[in-house]
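Next comes just one chain, in structure tokens: the form predicted alone.
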Amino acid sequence: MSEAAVVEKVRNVTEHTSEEVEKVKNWINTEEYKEKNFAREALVVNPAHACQPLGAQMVASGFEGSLPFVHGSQGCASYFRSTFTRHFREPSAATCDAMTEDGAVFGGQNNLFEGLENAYSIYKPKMIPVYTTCMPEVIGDDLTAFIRNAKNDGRIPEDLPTPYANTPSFNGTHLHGYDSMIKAVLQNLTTDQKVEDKCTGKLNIIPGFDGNVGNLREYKRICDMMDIPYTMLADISDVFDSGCDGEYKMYPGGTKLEDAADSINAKATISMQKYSTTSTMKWVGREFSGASEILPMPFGIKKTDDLLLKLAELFGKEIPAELKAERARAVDAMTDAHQYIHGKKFAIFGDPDYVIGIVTFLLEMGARPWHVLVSRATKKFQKEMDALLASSMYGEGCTCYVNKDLWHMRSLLMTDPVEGIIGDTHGKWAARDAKIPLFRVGFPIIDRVNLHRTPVVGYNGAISLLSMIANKFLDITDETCEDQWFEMMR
């Protein structure tokens, strides 16, 4: 039988007329459908978050000589690696113990034994952070016992750092996985390292789950300019942006293990993200010697001011003239671009700390963060966002939606239109349907290049962010205007 004949015999289970299809296409853009869409509870469509182990892998990748180890299936490990590789366009080294049906029935200890032994003998890592997926969490694998047994059995050296985190994919998000893993690594490396009356004089920076290596480099640049010694925990900037010199490096960059071990004796520890380091910072506050602070991501002018003033306070430093000049340039740039953003309505989605930062920036520009959506958030976040919106006249009428997904966002865009949407690549379908531009900020960005290298925090980040937004609106004006309005000067 010919291929054409085979195709001709295929019939859809349910046939729909073109009129029916068109009717539904129009219906899903209505207030009636929006009401039904927001009433659903059991179904999630295109959530704006990933699972816990992905967040754990970002931490596990950020230390010198560290080999991330997935206790779970091969498919899960491939998903985490491919997501990082697509976003950063860099290799994402990680291994797993490839649990299958046997592991689900008998437990995954044998898989873990063989996986750890092979990983250590082949790749010679300095540290193997272990984190879980759904399968071992469902059956209740005891990682404490498994790792101890692996060392007692001689599978890996007794002194090999092997921190572990329970990161079930069916619960929480990538932010919870990040939090669990960074806490586990620090607990492991700082054990017995605290020295009475010792102070390294250094600052610990925990960036949180941030897929923008430019942001991490901006934090480090600011510390260098203020002459503040620091340790970044965990530092993925060189791991996922190592450069191309013709030589493959298995472990490019990352926080040195000895620096991480000595971080418990630092002068101060700051977290740049509240919602991805909640448990970690509580533990740091109890166990670390120095001061501990949780700061908002420094989007825009005021939040960057707050960061610099806090650093100056903690370390008794003057804010250098060069940073003051950067601030002046950023204010000037915002003034120059103000007319192209002021009054425009935006939809924003993403991780809580990122969303707070973006909304702060938009309010400074006189823009209106009309729809604010976070897939997984708490009542505490809702209150914080509501208070932020209420703090500005431009937040009037704006609404925050928590525990909603991007299909909810589509309903909002179609029934209550805005002029732009800010978030990661997953928002492109809603943006296309609504015929508005998507400004790509966050993680993952897998359909554009090099955006993860350009900071969106600090004074320079403010200039980059407003330039991206304002210039896109100017592009749209040029592309859509009639000939008589096609001007040289905008």
Partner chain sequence: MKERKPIEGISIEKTEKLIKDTLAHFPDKAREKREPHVGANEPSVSSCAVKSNRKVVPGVMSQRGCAYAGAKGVVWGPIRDMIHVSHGPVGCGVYSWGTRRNLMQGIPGVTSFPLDFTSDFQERDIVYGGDIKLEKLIREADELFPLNKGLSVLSECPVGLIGDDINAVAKKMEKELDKFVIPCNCEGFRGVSQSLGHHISNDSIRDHAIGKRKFVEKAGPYDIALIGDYNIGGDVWAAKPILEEIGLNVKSIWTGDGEIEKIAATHSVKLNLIHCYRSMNYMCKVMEEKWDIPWLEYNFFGPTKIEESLRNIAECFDDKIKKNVEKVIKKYRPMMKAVVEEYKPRLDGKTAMLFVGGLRPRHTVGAYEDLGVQITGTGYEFAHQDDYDRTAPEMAKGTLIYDDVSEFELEEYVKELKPDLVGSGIKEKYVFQKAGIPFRQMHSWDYSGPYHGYEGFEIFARDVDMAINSPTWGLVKSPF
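Predicted model only: the values in this text are computed from it and were never measured. Positions refer to the first chain, counted from 1. What we label the rigid core is the largest C-alpha set whose atoms superpose within 1.5 Å from one form to the other.
We do not show the form predicted together with its partner chain, though everything after this point is about it.
J.: I264, H371 and P455 - do all three of these have some heavy atom no more than 4.5 Å from its partner chain in the predicted complex?
T.: Zero of three within 4.5 Å in the predicted complex.
J.: I need the one stretch from 334 to 342, 393 to 401, 169 to 177, 300 to 308 whose residues put non-hydrogen atoms within 4.5 angstroms of its partner chain in the predicted complex.
T.: It is the stretch 169 to 177.
J.: Any chance E101 has a heavy atom within 4.5 Å of its partner chain in the predicted complex?
T.: It does: once its partner chain is placed as it appears in the predicted complex, E101 has a heavy atom within 4.5 Å of it.
J.: V44: heavy atom within 4.5 Å of its partner chain in the predicted complex?
T.: V44 belongs to the contact set for its partner chain.
J.: I'd like to know whether G75 contacts its partner chain in the predicted complex, with contact meaning heavy atoms within 4.5 angstroms.
T.: Although its partner chain is absent here, G75 would touch it in the predicted complex, with heavy atoms inside 4.5 Å.
J.: I'd like to check something about E20: if you look in the predicted complex, is any of its heavy atoms closer than or equal to 4.5 Å to a heavy atom of its partner chain?
T.: The answer is yes: E20 has a heavy atom within 4.5 Å of its partner chain.
J.: Would you kindly say which of F315, F381, W407, W283 lies with a heavy atom within 4.5 Å of its partner chain in the predicted complex?
T.: Among F315, F381, W407, W283, a heavy atom within 4.5 Å of its partner chain in the predicted complex occurs only for W407.
J.: May I ask you to choose, among C199, I139, A328, A145, the residue with a heavy atom within 4.5 Å of its partner chain in the predicted complex?
T.: Exactly one residue meets the criterion: I139.
J.: Pull the contact list for 408 to 426: residues with a heavy atom within 4.5 Å of its partner chain in the predicted complex, in sequence order.
T.: Only H426 sits within 4.5 Å of the partner.
J.: Quick one: once the rigid core is lined up, does E479 have its C-alpha move by 2 Å or more between the shown form and the other one?
T.: E479 C-alpha, core-superposed: shift of less than 2 Å.
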